[in-house]
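Read the single chain below, which is given as structure tokens and is the form predicted alone.
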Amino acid sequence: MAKVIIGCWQDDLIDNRNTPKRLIEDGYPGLDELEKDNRLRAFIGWDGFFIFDREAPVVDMFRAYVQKVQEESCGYCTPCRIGTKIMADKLGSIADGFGREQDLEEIRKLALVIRDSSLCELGHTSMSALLKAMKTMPEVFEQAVRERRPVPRGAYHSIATAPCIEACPAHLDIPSYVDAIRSGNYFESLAIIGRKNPLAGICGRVCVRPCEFVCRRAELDEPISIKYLKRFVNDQIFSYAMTRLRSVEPTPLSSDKKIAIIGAGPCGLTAAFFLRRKGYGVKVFEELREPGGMSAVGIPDYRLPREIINTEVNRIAAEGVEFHYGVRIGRDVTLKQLRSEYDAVLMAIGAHGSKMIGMEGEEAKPSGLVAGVTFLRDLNLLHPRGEFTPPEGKHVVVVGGGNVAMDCARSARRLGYPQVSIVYRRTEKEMPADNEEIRDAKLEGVEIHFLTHPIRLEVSDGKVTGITCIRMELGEPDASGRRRPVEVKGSEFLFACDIVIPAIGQATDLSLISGDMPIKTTKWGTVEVDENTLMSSREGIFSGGDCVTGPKALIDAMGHGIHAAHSIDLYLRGETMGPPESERIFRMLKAMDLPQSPVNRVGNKPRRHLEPRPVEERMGDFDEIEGGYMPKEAIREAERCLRCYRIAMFVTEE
């Protein structure tokens, strides 16, 4: 445990300078090293500091911290741009043994000016730690000035971060790309996105936007529209009607190492893009006849047009990635063969299977019972070709409360079913589906029955006639943090219907790893990997995405793709594998779970919401529901960003 000798965060002061270290109880369990054998000495952040080592080079720490702030200053306002440069120079002089007595008061005054008059959150927050340190231990700074001798230099590890950056599994530099839109620099914005996200058009439509849920603008009015700004800048550069790219020179091969990727879904595509950018030869093997994985066959076209996926993948192919479709590993080629022919293999298989509800009669698979993922898969693959035959019936009941359930129900309405219902065993508050999806499902005529759970499938002559349900009530929270549904005895009732679509969960088919290439799996039916490297129990075979985590959001799979590409690169270069320093810092910040101060700004600039097509118009087709922003709208929305950058710096022994 990193024990706090002295620290201050917001208004809370911890002072254990006169307490023997063995007796100190304040600290962070599990937080001791940034990397193996490199212990932490201190941390400086946006609202305070913590010192874990009595010999930490305090003055030089803050010199390095202010210098990092100056490097990250955007330059829009004088206090932050010029003030931090002056402060860094003055702190540097003190650390070098040339400080003057008046420097300390000048630094204090300048820090207050920067804190109170900067235009963005970087300037507002960056001076807090220094001001608190100079207040709680002024003798350290005074001694450095008085003795006029060089202060030992420290080892520093810092990043510019923000709540939205930390929440994004890909750690995309969101304030930076939003700021580029504000300035009208669309190519620059897309280039910033492309450093971490090669699927901007897809994410700009279907990302579950964890970034927006932590956006500090919400404290004033509403979060900024991070997702749709990403869609805007992508669509400004690449029209979704485009089927081919302008001539693009592939990334030159700089290595003779070859990598095979199994699965052309978000994880596989992301890893392929970054590995090809690193100069490796990359081939992607996909069982479907087209790319996209679950994003292609699990999301209806009204949310994610197929043209968008094809355009994104064409961009990746233009980098030099080779795609082989219609190839099933285990049938057309074995995993053992791939491993023998390639220097590394990444398994990025999506969760294309379904889980059973556990209803009585479900195992007989009567006519009218269709798994949610199967329903969406057939719809997406066959409907565009005019080959999809909807199940016969008039009343569809979808079981579940996630986005897959919403997609099934809303698609059923578009197919012309007059009555579509959803049954869910908890309340709307506990529904895992996106609030926008729930809202739109209701607008499109989908009935949602809460606290309802099916227990028996009613069948006549091999055809579904209804489901027997039982009422539920909520008990204590379960492992997910949601209140556990409990059956209400004697509340059974019949729900008449023709078609039942279970959409309660997905599963991954891992048959490819049996036989001649066994790989360890978990009790949840996922591939067991080292969480720091994503390597499986077989040397040289990595895995990521849904087949490791279970069904999660598209952006989570992309985050795994970035992680896998990093690990495979280190593996092929013969270096020690592990997450990059930035990822280690993000993990430590998450473990510390530091509170943040309220936003001290003026709000009243409402979010610009996209205009959807009228319900009566969109119900007759699978065309995209919403149009994107116009340039003036996007720029106005980007201007709402507070640029909540903040500097986090860890001080270590080496």
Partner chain sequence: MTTTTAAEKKIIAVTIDGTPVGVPEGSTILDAAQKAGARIPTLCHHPSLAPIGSCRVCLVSVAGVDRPATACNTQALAGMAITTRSEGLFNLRREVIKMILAHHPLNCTPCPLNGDCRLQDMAYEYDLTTFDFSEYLLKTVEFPWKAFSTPILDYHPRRCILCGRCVKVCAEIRGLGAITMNGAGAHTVVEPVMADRESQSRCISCGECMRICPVNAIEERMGSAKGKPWETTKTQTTCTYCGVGCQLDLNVVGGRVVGVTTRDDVGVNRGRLCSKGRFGYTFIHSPDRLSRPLVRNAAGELEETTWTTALTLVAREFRRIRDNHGPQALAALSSARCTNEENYLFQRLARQVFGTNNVDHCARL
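As the structure is a computational prediction, the values presented were derived from the model and not from experiment. Numbering follows the first chain given and starts at 1.
One more form of this protein should be noted, the form predicted together with its partner chain, which is absent from this view; the next part is about it.
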Might Arg17 be said to contact its partner chain in the model of the complex, defining contact as any heavy atom within 4.5 Å?
no
Taking its partner chain as it sits in the model of the complex, is Gly75 near enough to touch it, meaning that at least one heavy atom pair lies within 4.5 angstroms?
yes
Do Val327 and its partner chain come within 4.5 Å of each other in the model of the complex, heavy atoms counted?
no
Check whether Gln143 has any heavy atom within 4.5 Å of a heavy atom of its partner chain in the model of the complex, and answer yes or no.
no
So which of Ser511, Ser582, Asn532, Gln102 gets a non-hydrogen atom within 4.5 Å of its partner chain in the model of the complex?
Gln102
Tell me, out of Phe187, Trp524, Phe493, Phe213, which residue has a non-hydrogen atom within 4.5 angstroms of its partner chain in the model of the complex.
Phe187
For the three residues Asp332, Arg538 and Leu570, verify that every one has a non-hydrogen atom within 4.5 Å of its partner chain in the model of the complex; reply yes or no.
no
Note: its partner chain not shown here; in the model of the complex, the stretch from 94 to 102, 455 to 463, 158 to 166, 431 to 439 having heavy atoms within 4.5 Å of it is 94 to 102
If you look in the model of the complex, which residues in 310 to 341 sit within 4.5 Å of its partner chain (heavy atoms)?
Glu319
